[in-house]
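First comes one chain, alone, set out as structure tokens in the form predicted on its own.
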Amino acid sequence: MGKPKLALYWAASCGGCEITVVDIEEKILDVADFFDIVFWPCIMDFKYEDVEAMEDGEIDITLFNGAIRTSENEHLAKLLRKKSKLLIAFGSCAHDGCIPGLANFYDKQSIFDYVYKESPSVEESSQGVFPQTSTKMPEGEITIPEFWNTVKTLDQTVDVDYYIPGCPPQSFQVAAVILAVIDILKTGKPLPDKGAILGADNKTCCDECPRERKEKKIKEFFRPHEIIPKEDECLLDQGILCIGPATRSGCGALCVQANVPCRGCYGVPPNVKDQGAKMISALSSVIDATSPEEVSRIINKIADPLGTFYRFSLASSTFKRVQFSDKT
């Protein structure tokens, strides 16, 4: 029957998920030996026509990383869904929208105005010149993808079988998932339930953090560069905003072990719908204030609260984007 077929695709993301696949080190040889990699345009010269020519369901597994930002992203999501038996949202951008999803605080026109009209990096002669999806040139017509007004997650666009969270997913978790998949395909073991979160655990980042938490009351927040935190004490107890209470475990708490607060990239823990709301709820129980004015003073020390609480999950949150009266 030949080797199982594997595809990997990079939509709206930074490319870190591609790097983490290579970061599994010598286990990449197991992947190359077991799978027939039929589509990985970041690494090899594949064309979209190669995928379009395949039979429906011909690809056994697709690892799709990146959010859906443009018409090209959406086209490839739908195409790879059609051609794949299993479609996996690989990494935070495909899973939750991640950093590209922060654009949902704005609309398409305001983004274009800033980038092509107001940005000091734009030459004066080019200010106000916006990208067009179709442009006629002496050599013929050239086209570029359409920029959508809203960033979407992969499962807001197509049906998704599984999720591997992380920005990027930790390489040891990716290796474990890939080796488990190889074992399933070799032995015929049952697949996990559809919709399962792979390469992660079922608690919070706080549960795997080695720091001691005493749930001290917080009188003041500090940005990480403003203090040198104690290495054995909970960062949140020390007034450093750590999103660990609202983040799924599985990364090994690597950031907090390096004296860096959790940013929330592994997404919501089980039974939590909205990461930002969960974090706000957690903070409300530890802020030490006796008046609304004191609450405001303490909260005002948090730089960009919405961008911090929803850094990775705005597109998948309960409100998904900021609404504008004249935009969808």
Partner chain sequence: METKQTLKKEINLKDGVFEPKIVGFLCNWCSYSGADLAGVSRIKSAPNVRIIRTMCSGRVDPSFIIKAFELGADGVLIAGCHFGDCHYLEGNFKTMRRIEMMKLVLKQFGIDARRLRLEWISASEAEKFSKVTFEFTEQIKTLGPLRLIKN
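Residue numbers count along the first chain shown, from 1. What you see is a predicted model; the values in this text were computed from it and never measured.
In what follows, reference is made to the form predicted in complex with its partner chain, a form of this protein that is not presented.
Peer 1: Among 40 to 48, 22 to 30, 270 to 278, 54 to 62, mark the stretch whose residues have heavy atoms within 4.5 Å of its partner chain in the model of the complex.
Peer 2: Stretch 270 to 278 is the one.
Peer 1: Taking the shortest heavy atom distance, is Arg248 within 4.5 Å of its partner chain in the model of the complex?
Peer 2: So Arg248 does not count as contacting its partner chain.
Peer 1: Would Phe105 count as touching its partner chain in the model of the complex under a 4.5 Å heavy atom rule?
Peer 2: Although its partner chain is absent here, Phe105 would touch it in the model of the complex, with heavy atoms inside 4.5 Å.
Peer 1: Against its partner chain in the model of the complex, would Ala12 count as a contact residue? Criterion: heavy atoms within 4.5 Å.
Peer 2: The answer is no: Ala12 has no heavy atom within 4.5 Å of its partner chain.
Peer 1: Using a 4.5 Å heavy atom cut-off, state whether Glu118 contacts its partner chain in the model of the complex.
Peer 2: Contact with its partner chain, no.
Peer 1: Asn149, Thr143, Ser71, Gln127: which sits within 4.5 Å of its partner chain in the model of the complex by any heavy atom?
Peer 2: The residue from Asn149, Thr143, Ser71, Gln127 that makes the contact is Asn149.
Peer 1: Select from 280 to 299 the residues with a non-hydrogen atom within 4.5 Å of its partner chain in the model of the complex and write them out in sequence order.
Peer 2: Ile280, Ser281, Leu283, Ser284, Ser285, Ile287, Ala289, Thr290, Ser291, Pro292, Val295, Ser296, Ile299, in sequence order.
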